[in-house]
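Next up: just one chain, as structure tokens, the form predicted on its own.
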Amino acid sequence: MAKVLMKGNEAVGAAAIKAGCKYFFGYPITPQNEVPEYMSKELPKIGGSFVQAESEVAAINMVYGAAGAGVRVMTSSSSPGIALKQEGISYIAGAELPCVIVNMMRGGPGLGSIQSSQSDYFQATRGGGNGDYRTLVYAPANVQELVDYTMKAFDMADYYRNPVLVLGDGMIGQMMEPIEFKETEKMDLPEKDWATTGTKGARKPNIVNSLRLQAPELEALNQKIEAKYMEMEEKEVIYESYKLEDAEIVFVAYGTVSRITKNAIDLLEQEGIKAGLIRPITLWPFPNKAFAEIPATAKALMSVEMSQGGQMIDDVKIANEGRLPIGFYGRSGGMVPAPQAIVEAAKELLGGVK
């Protein structure tokens, strides 16, 4: 199949449509505006519907309604917009409904800036809204992966009856790269016999609801969805190991920052320092088992992020289990880490390790 040059945000929309998405509800916010723009043009051509809601809160509740009817539906936004959607995401998870949510992160807190950031890691991996729930979180590093994991997200959402989050940033949303729309492996997905499609006199009405006023009923729901999350942790972890052999320092980075970190690894090699990378592709479930691959030559780990003080570093500490010293290098507010700066931080960390 021939490759086509596309901007990341538009590629998200094209991938969603190819995956069978026919409904999109959203509200404009930079730097993801090309996603709703693309969907507004393309969905009517296939008999789908695009609605620009009056707010992010309205948009996610429209997603709730469409998901309850059993259709493939998506919304997208950027950091503060995703924050406004958190209540609805919790409701959707509690009602066990499938949908795909795209977050092209920007700097924060608050309105922040329109530049790239990774400061929504906590929000994405810790639930964000209220209650005991999780979302499967994909963190693509290039536009091709953005396409691949957007398409995969729809299957995963249907399989687990749960929201799935695709986490990018302003860089990947705005960059243009050649991509191809690969044929995906067909999953054996369960029938949507829970959907509110009308009884036609053939069955009892389906009720979509996250409310459980009786404590035993709510605990049973929590136990049921927890079993799904345990299955995700067992089956859905994805990561990349890069140049770990004989590494003295192992970086941990995700998304676009992982590409910058690979450049830093090349620079370190030129100075005779062997370095490797663990790149989580699923941020939740986090690839704890990847850390068993760290060689005995490693003296330290370093989390590299576009966040202040580090957010992923907490998961790195959990996965590390106290075996190696952990350093951090990050930029925030829209500032992008430079490869040479990562190199200098790594050398400083190694110099302090006894």
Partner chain sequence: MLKDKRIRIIIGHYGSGKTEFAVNYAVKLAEMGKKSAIADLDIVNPYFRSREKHDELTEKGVWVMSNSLDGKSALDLPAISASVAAPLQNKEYDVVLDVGGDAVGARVLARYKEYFKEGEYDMFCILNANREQTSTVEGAIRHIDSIESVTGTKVTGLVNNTHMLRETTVEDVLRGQELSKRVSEELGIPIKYVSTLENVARLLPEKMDGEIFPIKLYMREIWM
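Positions refer to the first chain, counted from 1. Fair warning: this is a prediction, and the values are worked out from it, not measured in the lab.
Another form exists, predicted in complex with the partner chain; not displayed. Remarks below refer to it.
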{"query": "Partner-contacting position among M175, I273, M230, A220 - heavy atom within 4.5 Å of the partner chain in the predicted bound form", "finding": "M175"}
{"query": "The unique member of L277, A95, L84, M171 whose heavy atoms fall within 4.5 Å of the partner chain in the predicted bound form", "finding": "M171"}
{"query": "The partner chain contact at E293 in the predicted bound form, heavy atom, 4.5 Å", "finding": "no"}
{"query": "Residue contact check: K347 to the partner chain in the predicted bound form, 4.5 Å heavy atom", "finding": "no"}
{"query": "Non-hydrogen atom contact G26 with the partner chain in the predicted bound form at 4.5 angstroms", "finding": "no"}
{"query": "4.5 angstroms heavy atom contact with the partner chain in the predicted bound form for K317", "finding": "no"}
{"query": "Segment that reaches the partner chain in the predicted bound form - one of 26 to 34, 324 to 332, 61 to 69, 297 to 305, heavy atoms within 4.5 Å", "finding": "26 to 34"}
{"query": "Non-hydrogen atom within 4.5 angstroms of the partner chain in the predicted bound form for each of A53, Q118 and R134", "finding": "no"}
{"query": "Heavy atom contacts to the partner chain in the predicted bound form at 4.5 Å, residues of 3 to 30 in sequence order", "finding": "K3, V4, L5, M6, K7, E10, T30"}
